[in-house]
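A single chain comes next, written as structure tokens; it is the form predicted on its own.
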Amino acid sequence: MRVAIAGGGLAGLACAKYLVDAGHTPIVYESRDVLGGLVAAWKDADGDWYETGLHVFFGAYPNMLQLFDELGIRDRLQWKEHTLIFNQPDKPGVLSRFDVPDIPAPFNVITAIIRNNDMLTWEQKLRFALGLLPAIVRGQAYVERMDQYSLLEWLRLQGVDEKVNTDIFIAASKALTFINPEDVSATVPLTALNRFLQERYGSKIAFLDGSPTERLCQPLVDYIVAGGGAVHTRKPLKQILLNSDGTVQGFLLRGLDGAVDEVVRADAYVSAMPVDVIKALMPDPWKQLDFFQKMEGLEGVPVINLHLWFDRKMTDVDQLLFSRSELLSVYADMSNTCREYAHPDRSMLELVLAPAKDWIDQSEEAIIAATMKELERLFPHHLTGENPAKLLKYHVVKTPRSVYTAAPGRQACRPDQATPIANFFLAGSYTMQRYLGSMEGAVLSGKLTAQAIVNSPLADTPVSRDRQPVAVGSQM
């Protein structure tokens, strides 16, 4: 069976990989000249990489780790010390650690919290633990029901101290969803906490040893092509063509650089594009269906990723750090954490600006100026005084619509991978799966989409007539 997949991010590539495993022929069409979607990366004129986001891999990512094993690239993950590290805003330049001992879960995480006396008092720790107890005891079904509340509302209902919110959950919310606790569904951080508390190495972090485009996406492409599939870049979807019964007749791809449009036909079709894009390309007849109408409640959250190169080492920490800054979310010195980005004498800080809704339309110069001001608090010894570190260059990567905005009530808007259209399927972390808007969610959604196709009646029908692309003479 031939399957046309629009979108070459992790969801689309994972879907294609698992279709190859099932003996089918996927053809991936990516609109840009680089694969990866929300994990895309580029090289600048100096040969330095810059990425769409600060991508870390957790031990609680079973589908991602399985994918690495199946591709034979598990050694590309650089695992870090099992700890969570926070800046202390009231003590510039001072870090607070939650070192997780190598003992069974959940005692490892509990021990890490008990041992940390920098951020929480014993009373706050106790109230924190009692507040989280319902989520731990009642399981994921309870966590899903908490989508009716924002995280801040849920914390208050549990009687959790406000300082726990300011010290812990603002940082966690911004890291997981790019928005603050008063705006995020309680389901999201509670889902992550459940994983971290149930799995011994769930909260352990790894960085990829190079750019996601080369070190993860390219092995996926090689696997797909070796299995008889194909992956094409610079092939944007222009229109979904329909048969009279509302099923998909073909994908109309926009011709670039003066080329004519072309129609590709297949036995099944997948949108692995962001939710905002598929909503914009939705055929009018489908918009009347409840399944697709619910998706109107989903939209991508704006995200800004920053890369700053300095003339000296800013830190020797080889780990992800939580800034606890109003402007910034998480950051890392990639010259320490990533083998390909390593430098013995200089730092490349990669930072996430979040929430980004008030900054997405600002100039790069304004964003960098505000970021440097915040960094003076995080690195006072390097950025103040008589001989401050020099910013050599920077890249600002704006994503106006990233993963879906995980606001309260959005769970009901998330669609399944199989749609009411017999030969049309969805892939993407916004679709319904337990790992929400994340790399793990994208990979799992692609796997579930492939399973839905394989289990559909389409897989039992004879292969259709010739499915080669057809050029369209006039631009539509």
Ligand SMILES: Cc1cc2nc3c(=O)[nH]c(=O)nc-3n(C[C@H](O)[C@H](O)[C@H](O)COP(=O)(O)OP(=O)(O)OC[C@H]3O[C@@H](n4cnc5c(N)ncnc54)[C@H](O)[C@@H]3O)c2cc1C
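Keep in mind the model is a prediction, meaning the values are calculated, not measured. Just count from 1 along the sequence shown to find any residue number.
Omitted here: the form predicted together with the named molecule. The next part is about that form.
Contact annotation for the candidate site: Val20, Gly229 and Ala450 all lie away from the named molecule in the predicted bound form (no heavy atom within 4.5 Å). Although the partner is absent here, Ser402 lies within 4.5 Å of the named molecule in the predicted bound form, judged by heavy atoms. Contact check for Ile73: no non-hydrogen atom falls within 4.5 Å of the named molecule in the predicted bound form. At a distance threshold of 4.5 angstroms between non-hydrogen atoms, Leu426 is out of contact with the named molecule in the predicted bound form.
Although the partner is absent here, Tyr50 sits far enough away that none of its heavy atoms falls within 4.5 Å of the named molecule in the predicted bound form. Considering the named molecule in the predicted bound form, the lone stretch of 41-49, 408-416, 65-73, 430-438 in range is 430-438 [heavy atom distance within 4.5 Å]. Out of the listed residues Met334, Val303, Leu308, Ile224, Val303 is the one that sits within 4.5 Å of the named molecule in the predicted bound form by at least one heavy atom.
Residues of 30-44 lying near the named molecule in the predicted bound form, listed in sequence order, are Glu30, Ser31, Arg32, Gly36, Gly37, Leu38, Val39, the criterion being any heavy atom within 4.5 Å.
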